[in-house]
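To begin, one chain is listed below as structure tokens, in the form predicted alone.
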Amino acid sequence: MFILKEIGIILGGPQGAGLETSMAILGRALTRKGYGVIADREYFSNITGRHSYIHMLISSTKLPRSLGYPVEILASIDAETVFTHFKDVAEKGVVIYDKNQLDKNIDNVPSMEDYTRERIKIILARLGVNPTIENIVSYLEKERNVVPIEIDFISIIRKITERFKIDPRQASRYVSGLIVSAISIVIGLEEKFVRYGFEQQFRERRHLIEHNMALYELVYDSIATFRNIVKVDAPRIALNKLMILTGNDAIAIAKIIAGVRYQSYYPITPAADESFTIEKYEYNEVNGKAVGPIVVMQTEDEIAAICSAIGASLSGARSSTATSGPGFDLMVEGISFAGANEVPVVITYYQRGGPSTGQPTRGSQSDLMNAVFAAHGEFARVVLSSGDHVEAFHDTVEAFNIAEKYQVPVIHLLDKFLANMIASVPVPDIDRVKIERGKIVFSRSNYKRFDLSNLISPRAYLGADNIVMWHSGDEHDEYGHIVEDPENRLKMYSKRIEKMKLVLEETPSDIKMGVYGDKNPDYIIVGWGSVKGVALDAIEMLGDRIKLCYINMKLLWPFPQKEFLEIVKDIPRDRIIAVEHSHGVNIASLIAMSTGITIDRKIAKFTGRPITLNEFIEAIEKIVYRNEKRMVLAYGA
């Protein structure tokens, strides 16, 4: 029996087999018991069939921040999962598989990409292993002391369908519950927590809860001898209340609490789930107070999404839209209009792998420069990023405050990893949330919407009492009338851009960046977004050998030059390391442009998979001990 502080799990199967459901059920069950959980969902951009998987970490001592390899448990729904991930299983780990797949040869897995198949066959040939599931399981058992756990999926599912008279065409839906049950039994999770997970997932559909609990009993009978074979220690996390949610959910909840009244979207991965969550709660209560109504509008395209959000904002609603790279490209002209007309609007921008359609279900941070510089002409905009679920919640509220206070478009720049990753986090104290709506007038004669007497214009809503205003895409005077006079142009153009100075002066330092680790470091790592978790874990693990500090950039534009220079003033320039999910590590270019500091040492990953702790630590060690300048990471299926 293994008793560990942390357990890593890979749960894999075909896209459409209910892996996301399995992740949610396990996550809720484990969090209910008091464990810290983090899980990334990697999936193909098709409806069904292609290989997808969940990479999960369970901790008894902390709320996990990053994922790594190898894992203690590989739980496979299909043969492709074993072929793809067998090398990821730790020494003395566990592999759970369907006995009906034992004779499957890799050449008979139609869902596998040809390139992947040939790559895996080369690996197996080097190991002297014939490419069948039976041979791989035997290799793991003999060479790596991995414990094989065989389950007859077909027999168990058939018993459930017969007992409850379920249409056989619906039988595959129960595979997700079967694999949840198997994992729960192997790690010794009590039945009451498994039931809780199913109850939270299926809620009003009581029959599904009972079906899955009956399934749990059948799986238990099948593998009872393996109960507790890999056991995580009793939870010791000093938090009374935890919630588990995706990044999409965290932002959706924050938008509701921030007072959003209009959210537009065109369905696009990985942004759409945020709008789906808001739709569920468009009429709700928070602390006994009515929330809503919130209008959630699925528009015909992203152009309509940004334009309708701008219209809602002009009418006085806190408004936002959510998209990813291809959609943002279409929104650029509308964002430019918002900049010219000083319209407060929030664009939640989830990055995914590009260019073009690229990798629509994989992660990236390669859109940094697109967020900062896209659109014709120059105008004030703010670009915020978030490093984890807790930051994403608070930064979402801050994005609306900044947008309305300074009357600018705010781009909240996130990525697929944070969007689709579930994590157990402390329940936020919403009583501490502050709403700032800026300089608003409700009635005024001779109203000047773009009054030049102050950098921040007096903002009135369309239809306000005794107020007339004009908005156009052209340059305009204080009232909004089209004017091309050079003197007026100089005043108006300068006024809009100079608001950025106020943003830098008045934004609190903790919104601009976070600084973690050693106060007198040997090396400083600079990154942003979902790099934060793996960077903080690496700092802890390397702390006894290398003194490291991590700068988590949050306010990406306007860039906080003064604060950044203060932090790095005593460190040699060749001891600053930039890290990013992109080829160019574009944060280094943004820093060079904003501060004059050139960062030559870089860690890049652009495979579309998250940076894992093991490869990140190795990259830092090579930079420090071998004087490497550029490390390109590639681990992950």
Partner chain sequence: MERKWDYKTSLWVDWCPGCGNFGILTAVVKAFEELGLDPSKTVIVSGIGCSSKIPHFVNVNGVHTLHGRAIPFAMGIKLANPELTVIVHGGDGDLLGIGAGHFVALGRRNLDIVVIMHNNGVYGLTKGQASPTLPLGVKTKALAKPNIQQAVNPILLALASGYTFVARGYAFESTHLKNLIKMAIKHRGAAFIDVLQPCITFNDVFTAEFYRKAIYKLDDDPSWDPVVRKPEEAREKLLKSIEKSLEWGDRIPIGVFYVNEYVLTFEERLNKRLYKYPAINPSNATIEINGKSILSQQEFEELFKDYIVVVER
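Please read all numbers here as calculations on a predicted model, not as lab measurements. Residue numbers count along the first chain shown, from 1.
The same protein also exists as the form predicted in complex with its partner chain; that form is not shown, yet it is the one meant from here on.
- Three-residue candidate spot 72, 212 and 218; no residue lies within 4.5 angstroms of its partner chain in the predicted bound form by any non-hydrogen atom.
- Note on the partner interface in the predicted bound form: the residue among 139, 202, 262, 516 having a heavy atom within 4.5 angstroms of its partner chain is 262.
- 272 is the sole member of 166, 272, 511, 90 with a non-hydrogen atom lying within 4.5 angstroms of its partner chain in the predicted bound form.
- For residue 282, a non-hydrogen atom is located within 4.5 Å of its partner chain in the predicted bound form, even though that partner is not displayed.
- In the predicted bound form, at least one heavy atom of residue 293 sits within 4.5 Å of its partner chain.
- Taking the partner from the other structure, its partner chain in the predicted bound form has no heavy atom within 4.5 Å of any heavy atom of residue 523.
- Of the heavy atoms in residue 111, some are within 4.5 Å of its partner chain in the predicted bound form.
- Of the candidate stretches 100-108, 524-532, 546-554, 355-363, only 355-363 contains residues with a heavy atom within 4.5 Å of its partner chain in the predicted bound form.
- Residues are counted as partner-facing when one of their heavy atoms sits within 4.5 Å of its partner chain in the predicted bound form; in 596-619 not one qualifies.
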